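For reference, the chain that follows is the form predicted alone, supplied as structure tokens.
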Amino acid sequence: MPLIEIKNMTKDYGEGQGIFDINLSIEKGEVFGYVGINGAGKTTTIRHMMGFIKPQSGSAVVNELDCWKDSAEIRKMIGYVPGEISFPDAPTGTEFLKRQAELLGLKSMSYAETIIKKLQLDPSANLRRMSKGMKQKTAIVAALMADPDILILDEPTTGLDPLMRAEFTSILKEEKKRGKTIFMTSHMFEEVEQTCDKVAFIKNGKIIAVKPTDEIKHHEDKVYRIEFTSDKDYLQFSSEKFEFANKDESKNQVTLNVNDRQINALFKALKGYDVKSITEIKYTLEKYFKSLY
């Protein structure tokens, strides 16, 4: 049985806003990405998973517990980073984290200190005066400090600079190695590609695709950029029967769209030409996302 399962879940706010007949299944130890534009329904889905909202129909279940009926029990096993961070009244980040530790029954802050060091966070700063990035780091530490088995992360790298986003990706990979189940939304396609086993795409409150990230990265439609040594070879190859996405005569260079079934034909044709270089332009999660939208 999946560790997290959402069945036919609907929350209709009217005028096309909300989520509609959502079905998702996340296995234990899986890192699952949830991608969509702003307002697509990502945060609404997560709020149901956390038990903050009751669905109009359908259900969300975590570890065989109903997310609405058993929300208090579920929150004990989940590390959660909300999309909109609003801290309670505490003078410093350190004081906030200590209070969180008490609520969680933590006897040691050693794991929290490890995450603090990796994220280069100074928790002694005034909580209200922290920058967006520092608040985000503090929220990440609070979510991970109890070493929970399940992480639910809503845009966890918002406000982080590129170096800290890379560090956070490294932390996620470590959590994955340790068998954590992670559900995360993100606008950073590369971040999702590097960490997630599977990705669901949501549009206008409805799931439009669910794909393993490996399947997306190894898409059957390939793009190749080929540069020829001579003008003659470039001009001759330009008349071949392939799908040309671009031709650049100044560089003797062509860009081709090639399906896996055509690869052998392409390289057979290239044997008759003096090729300077050939480069595969990798198919990315971002390209797949744009093709869906």
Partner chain sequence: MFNKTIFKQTVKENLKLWLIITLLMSVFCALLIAVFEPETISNLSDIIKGTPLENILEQETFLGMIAKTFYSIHGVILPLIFIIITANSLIASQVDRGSMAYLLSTPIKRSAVVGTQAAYLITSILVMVIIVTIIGLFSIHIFQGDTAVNITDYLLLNVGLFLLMFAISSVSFLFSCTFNLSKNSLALGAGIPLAFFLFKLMAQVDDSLEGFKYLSLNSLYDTNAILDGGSYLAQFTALTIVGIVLYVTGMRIFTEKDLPL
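From a predicted model like this one, the values you see are computed outputs, not experimental measurements. Numbering follows the first chain given and starts at 1.
Form predicted in complex with its partner chain: not shown, discussed below.
The candidate stretches are 113 to 121, 189 to 197, 67 to 75, 165 to 173, and the one lying within 4.5 Å of its partner chain in the predicted bound form by heavy atoms is 67 to 75.
Of the heavy atoms in T92, none are within 4.5 Å of its partner chain in the predicted bound form. When its partner chain is considered in the predicted bound form, R225 lies well away from it, no heavy atom lying within 4.5 Å. Its partner chain in the predicted bound form comes within 4.5 Å of no heavy atom belonging to T213. Using a 4.5 Å cutoff between non-hydrogen atoms, P82 counts as a contact of its partner chain in the predicted bound form. With the partner omitted from this view, the residue of K247, K54, K28, K232 that lies near its partner chain in the predicted bound form is K54 [heavy atom within 4.5 Å]. Only one of V258, M50, A40, V254 lies close to its partner chain in the predicted bound form, with a heavy atom inside 4.5 Å, and it is M50. Along 114 to 140, these residues reach a heavy atom to within 4.5 Å of its partner chain in the predicted bound form: R128, A139.
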